[in-house]
Structures are given as C-alpha cells and as structure tokens.
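Two separate entries follow, structure 1 and structure 2, each one form of the same protein chain as structure tokens.
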Structure 1
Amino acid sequence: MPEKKQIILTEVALRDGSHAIAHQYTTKQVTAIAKGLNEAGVPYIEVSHGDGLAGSSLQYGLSHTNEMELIEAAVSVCTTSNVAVLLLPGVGTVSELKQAAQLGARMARIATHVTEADISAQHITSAKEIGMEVVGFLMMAHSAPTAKLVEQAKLMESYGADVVYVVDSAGALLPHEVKDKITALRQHLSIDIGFHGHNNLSLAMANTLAAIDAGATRIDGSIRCLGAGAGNTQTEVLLAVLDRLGIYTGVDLYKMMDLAEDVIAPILTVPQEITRDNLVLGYAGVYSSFLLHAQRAAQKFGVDARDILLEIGRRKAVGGQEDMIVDVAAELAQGKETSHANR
C-alpha cells in the first residue's frame, strides 16, 4: 500500500489573527488557544505581533500585551507543539529573535517582500546559529513573476533556510498561478516548500490544495479563519478536506472544531467573512494587514475605504508602507473637496 502523503501544519491565528483583533490578545487568551492547539496535536503555533517581533508601534498598531509575555505563555502550555515567531528584518532585530528563542520559540519565520530576500541573510543566519528551524517567508508572491520568485527563494535557501514559503499576502493568487509557482520552486530548490493563503477572493482552500498538489508540504491555516483581511485557509475546514483526500496531518479534527467554536468564536468582535473591503484587498492585490488601517483612514477623512485600497494597489505599496494609506486618504478627501468647490 502506498505511503500516505503528509502535510506539516502551522497555525497562524496567534500571529496573523492579531491583525483582525487590532493586536489586542491577552495572556489568558493566548494560553487557552495554545493549550487547545497543543492538545489537538498542531505541530507549529506562530505567536507574535501581526507584523512580527517588535511590530507593536503607532505605525503598525500597539499590542495589548508585550509579545514576549505572549510567547512565554504559549510555550508554558505546549508539551508537543513548537512555538514559532515571525520577524520582518527592519521591524524586528536579531536581539528580539534571541529573546524569543530564550523563551522557548523553536522556529523563526523570516519574512520579506517577494523581491527583497537579500535583506533576510543576517536574520536567517543568526536564527540558524541559535538553533532555530528557519522559514523564508516571501510575501506578496502574486506581485512578482515566477522566475523572480525562484531567484529570491534560492537566495533564502543559500542563507540556510530549511523551508521557503509562497505567501499570498493579498489573497490575490488564482489556483493555476499557485500551482505554477510551487511547481517551479519544487524544481529548483532542495528544501521544503510551504504555502500561506488568504481568503479575500474565497480561494484560500482551492489555492492551498493546488499548492499541495504541486508539491508543498508545509501549510499555514488559521482556526475559525482568524487572520488579516478575510482570514487565512480555515484550519479545521482544511483538516476535514485533507482527511477526505487521505492526506495525513496528525491533528485531531474534533478538538480543533471544538476549539474554534468554544474559544476562538467568542474572541471575534465580528464574524471573519469576505466583506466588500476584504474582497477589494484580493481584487486590488493589496497586503491583507492594510485593511484596518484603510478603514480607520476612510472614517477619519470621510472617503470610501475601497477607493483607498484600489489606489494603494495601483501604487504597489508593500508591508511597512502603512503611512501611505493616510496620505492616499487625505489626497482622496482633498480631491472630493476640490470637486465640490468647482461645481
């Protein structure tokens, strides 16, 4: 009998989901969620500010609780699961990475824009030196041709990454594009390939299955779809689908369903669904974490958040350019005033 295909899952609700709740996780919430994920057998649990280590700031959003306390809380209840952290070079530093490792984090996910892998060299090397498993995380993968993605992934492999992820930060990729990118990476890299999807075009599940079919063995999910924008590939749904496909994850489906219903759902201030603004994120190819910033700017300047997001997409803004959202909102508001004055 042929051996079952196996997928290694990383749960991202305690990092990516932080965007959806404006980075207001408490120690009590993180402890309860991490405990449930550990009991369900999830291999990796990502914990940090939504924008990674040291992301708590006026620009990205202030955290309710120091992320090191959240990491420590998660580690304290994980007997088999490994705690992972995300780091964007320039936002977080090697110092925060070492602190997280001392608290028990075992995996570092070093994230860069898809064309900027060269800035990850120091952080990937440092994470390896302190004994962490390292993931190269190429964000906004839809915005670069496949040949460029391969070039950048090979750089991360050369720096020592154990895994490279195709990250659909905007939820803009279509299944055939995911298949093309994962297939190309599989052909040119010798390390594991991962996929991280967002659901802004309702394609997170389809894209994840396309990635697995093309050779990805590391997959991200967020329980109850708790992630930036319209959320990520919904973990408990993915588990059910993979089980139907005969793909092994080692994660207990019933326990994940109960955790989603009993612990995660009460945290959500609104259901995680594809709203008109979420849809525009995917349609315009805009970084999913820009959503709350755009909605706040829209309210402040009296303009439509969709217009802000479409303009941000036209300007090809990347993570770290949240300030541009306010500038665009102000320009749109000024344009409205000028238009009214000229009537």
Structure 2
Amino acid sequence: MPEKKQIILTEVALRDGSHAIAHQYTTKQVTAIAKGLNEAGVPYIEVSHGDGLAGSSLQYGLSHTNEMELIEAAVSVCTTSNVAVLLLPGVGTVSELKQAAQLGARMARIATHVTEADISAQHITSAKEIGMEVVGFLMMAHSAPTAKLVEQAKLMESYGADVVYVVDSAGALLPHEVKDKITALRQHLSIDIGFHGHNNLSLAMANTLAAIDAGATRIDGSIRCLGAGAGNTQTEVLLAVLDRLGIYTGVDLYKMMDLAEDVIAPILTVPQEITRDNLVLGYAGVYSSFLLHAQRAAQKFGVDARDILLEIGRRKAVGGQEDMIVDVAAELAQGKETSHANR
C-alpha cells in the first residue's frame, strides 16, 4: 500500500488576512485565533503586518497593534504550532527579523517579486544564521515565464532557503499554469515546493489541488478566506477537500470549522466575496495598489479602468510603476478616438 500523501499547512489569516481588516488586529484577537489554530494542530501560523515585518506605514496601512506584540501573543499560546513571519526586503530589515526570532518566531518567509530574488540573499542567509527555517516567497508568480521562475527559485535555494513558494499574489494563475510551474520547480530544485493562492478568479482551491498534484508539499490557507483581494484558499474548506482526497494534514477539521464560524467570521468587516474590483485584478494580473490610480485616470481620460488595468497587466508592471497608468490611459483615449472615427 502506498504511503498516504501528506502536506504541511501554513495558516496566513494573521498576516495576509490583516489586509482584509485594514491591519486592525488586536492582541486579544490574535491570542484567541492563534490558540485555536494551535489546538487544531496547524503546523505554521504566520503573524505579521499584511506587507510583512515593518509594513505598518502610511503607504501600506498603519497597524492597530505593534506586530511584535502580536507575534509575542501568538507565541505565548502555541504549544505545538510554529509562528512564522513574513519579510519583504526593502520594507523590513534583518533587525526586525532578529527581534521576531527572539520573541519565538521559528520560520522566516522572505518575499520578493518573482524576478527579484537576488534582493533576498542577505535576509535568507541571516535568517538561517539565527536558526530559523526559511521560505523563499516568489510573489506575482504569474507574471514571469516558468524558466524565469525556476532561475529565481534556484537563487533562493542557493542562498539557503529550505522551501520555495509559488505565490499567486493577484489570484491570476490558471490550474494548468500552476501545474507547469510546480512541476518545473520540482524538476530543478531539491528543496520543498509550496503554493500560496488567491481566489480572485475563484480558482484558489483548483490551483492548490493542481499544485499538490504536481508535488507541492507546503500549502498556505486562510481560515474563513481571510486574505487580500478575494482572500486565499479557505483553510477549513481545503481540509475537508483533502480529507475526501485521502491527503493527510494532521489538522482537526471540526475545530477549524468552529474557529472559522465562531471566532473569525465575527471579526470580518467586509464579506470575502469576489467583487468586480477583485475580479478585475485577477483577470488583469495586477497589484491591487494600481486599482485606485486606474480608476482616477479612467475618469480623467474617459476610458474604462478595466482596459487600463488589462494593459498594465500585459506590460507586467511591478509595484512602484504606478506612473505608467497615466501613459496607458492617455494612449487608450487616443486609440479610442481613432477607433470611433473609423467606425
């Protein structure tokens, strides 16, 4: 009889879910949620500002509570679960990473844009030196060809990462693309491969199953779908599906269902549905930070914001390139006039 397939889960509601509640987690909430996740047997619990350590800022959104207090609160109730932290080089520094490790965080997830793995070298090395397990987190994975993704993942492996994740930040990947990317990583790397999905195209679960099928063994979920955009792969639903598929997680399904309903749902201020805005971001494959700028430019130039975002997606803009929006809007307005004149 073949050994039962097994995946290792990371719960991201206390990090990615922070976006969904405008970074307003209280120590009391984090303590209750981490306690519940620990009791259910979740192996890793990520706790950080939505944009990682030191993300609290006017630009990314101010946290209600200092994240170090939240990390400390989570660690204090975890008897078997490990607390993980996210760090985006450029937003957070090695200094915050060390502070989190001193408070008891055991895993560092170092996140870069899928084409910028080279900026993670120092952070991965430092995290390993202080004894943390290290995940390389390649964001906006849809925006690079698979060969580029493999090249960047190999960089993270060479810096010492224990795991590399394919991160579908915009919820833009299709299942066959996920399968292709995970398969390639499995072929070219010797470390574990993970997948982090978003639900903007209602494909978070499909993509997660495609990733597992292709050999990913580390999977992210957010309980009650609490994450940026349309949320992540909904953890308690994933547990039910994996149980039906005979895949082992070691996490208690009923306890997670109850935590979702009794503790998480009441915290939600906005339901985790697929709205027009979330759908457009997934369809275009762009950062959510572009949305408001595109809507403003659309109004100014008399074009559809969706057309701007689709063009921005085609040009594979990265965070910080919001200037591109006005150019695109102007070009579209020009093209629109021409096309009207030709009719």
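Everything quoted here is computed from the prediction, not taken from an experiment. Numbers follow structure 1, counted from its first residue as 1. In this text, rigid core is short for the largest set of C-alphas that superpose within 1.5 Å between two forms.
The chain appears twice here, and it is structure 1 that represents the form predicted alone. 35 degrees is the angle through which the smaller rigid part turns against the larger between the two structures, based on C-alpha superpositions. At R296, the distance the Cα travels between the two structures is 10.7 Å after the core is superposed. We note a C-alpha movement of 2.6 Å at Y287 between the two structures, with the rigid core held in register.
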